[in-house]
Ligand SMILES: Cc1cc2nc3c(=O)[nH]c(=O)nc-3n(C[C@H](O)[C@H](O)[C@H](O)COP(=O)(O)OP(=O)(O)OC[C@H]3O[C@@H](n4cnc5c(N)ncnc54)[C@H](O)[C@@H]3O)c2cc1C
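One chain comes next, on its own, written as structure tokens: the form predicted on its own.
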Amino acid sequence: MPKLPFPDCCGCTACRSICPKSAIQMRPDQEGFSYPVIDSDLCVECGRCGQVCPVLHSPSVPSSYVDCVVAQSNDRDVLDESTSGGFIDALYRYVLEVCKGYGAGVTFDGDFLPKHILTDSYEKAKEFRNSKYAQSDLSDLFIDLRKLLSEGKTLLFVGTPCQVAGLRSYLGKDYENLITVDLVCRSIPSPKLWRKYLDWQEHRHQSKVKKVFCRKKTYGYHSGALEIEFENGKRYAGSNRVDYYMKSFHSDQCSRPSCYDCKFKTKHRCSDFTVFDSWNPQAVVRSDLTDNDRGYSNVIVHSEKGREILNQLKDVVLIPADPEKMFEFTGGMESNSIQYKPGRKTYYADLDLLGFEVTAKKYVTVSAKDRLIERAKPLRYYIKKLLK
């Protein structure tokens, strides 16, 4: 049995879910990342936690791709509220409305912290649209999923590669009624950092947060911004260029330790689908494709089950594509871990000592040029629309 927690732990909850004595609890460390903690009085040293750990025993992956497409929803509302092309929303609609099954995805809880939930309602699944840039709370979800799978229910689970690998390791076998989707993930900041950022924004705007969009397409897909609506009617929007949370995230100084040596960043994965942004759809599929700046999704299918489902999806345009061309525009994010930065050693200690604003400004810089480009964004967007 491994000594828990260990540095490579990705927080997937497989060990906690498999424990027959409920001897393992997931608890946040000082940085806010959850790790398994063993109650030695309850532990019987059966070793099952180590057996299902996807870091210690990675699930098998296929050696080739089954299919590959670029996707975009036909529904304008879905596109507006989705991070990219709305492909995953089409999957949820298929599973929940056609298969009468269940979907598991990430929403915000009452404190606007990311949390995986399970639903059989497509209306509820609309909350899964748009990215959430902090590690989600899985709680007892894996246990609930196995129960429903054993009852023959169709299930769709969407998560990061480590979460999908953790679920498959925990289940121990492939269920024909389980559909899994992983996202090409850069890395994961902690929920604690995210909440401190929101607290700072609430203080600045003198109001509680009402709604959050992490990649709002107000000025188009290619100019998405983190947008927050407040109860007093105020609104904040800032892109990766000027928002201190997103800039900290992209600086690679606040990610989970395991993200610096991710065991799950590979082109071939244990999921049925891998989905990620399609920033250059013309180069991936064909040069005459019009990039309408509303967002496209790159979709790689890893299983025959996935291909069968792909052929049954409605309300989404699917264009055949070459996966290797897709990877030319990711910067290697599908295969390479983020690089460890010296600032990672002290970022979270400073966060506790100095608070979010002072810490963020210490580790990242928003220049006058950045702010000027950001202010010009609305004008550029409307000029672009007029010229079309």
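All residue numbers refer to positions in the sequence shown, first residue = 1. All values derive from a computational prediction rather than experimental measurement.
Below, we refer to the form predicted in complex with the ligand, which is not included among the displayed structures.
Against the ligand in the predicted bound form, would Asn130 count as a contact residue? Criterion: heavy atoms within 4.5 Å. It does: once the ligand is placed as it appears in the predicted bound form, Asn130 has a heavy atom within 4.5 Å of it.
Tyr92 near the ligand in the predicted bound form, any heavy atom under 4.5 Å? Tyr92 belongs to the contact set for the ligand.
At 4.5 Å between heavy atoms, is Asp243 in contact with the ligand in the predicted bound form? Heavy-atom contact with the ligand at 4.5 Å: absent for Asp243.
Would you please decide whether Met333 lies within 4.5 angstroms of the ligand in the predicted bound form, comparing each non-hydrogen atom pair? Contact with the ligand, yes.
Given that the partner is absent here, state which listed stretch (100-108, 232-240, 301-309, 190-198) has heavy atoms within 4.5 Å of the ligand in the predicted bound form. Result for this chain: 100-108.
Identify whether the ligand in the predicted bound form is within 4.5 Å of every residue in the set Cys68, Thr180 and Asp272, based on non-hydrogen atoms. No.
Ok, His268, Arg146, Arg186, Lys247: which has a heavy atom sitting within 4.5 Å of the ligand in the predicted bound form? When the ligand is considered in the predicted bound form, the option within 4.5 Å is Arg186.
Neighbours of the ligand in the predicted bound form among 210-240 [non-hydrogen atom within 4.5 angstroms]: Just Arg215.
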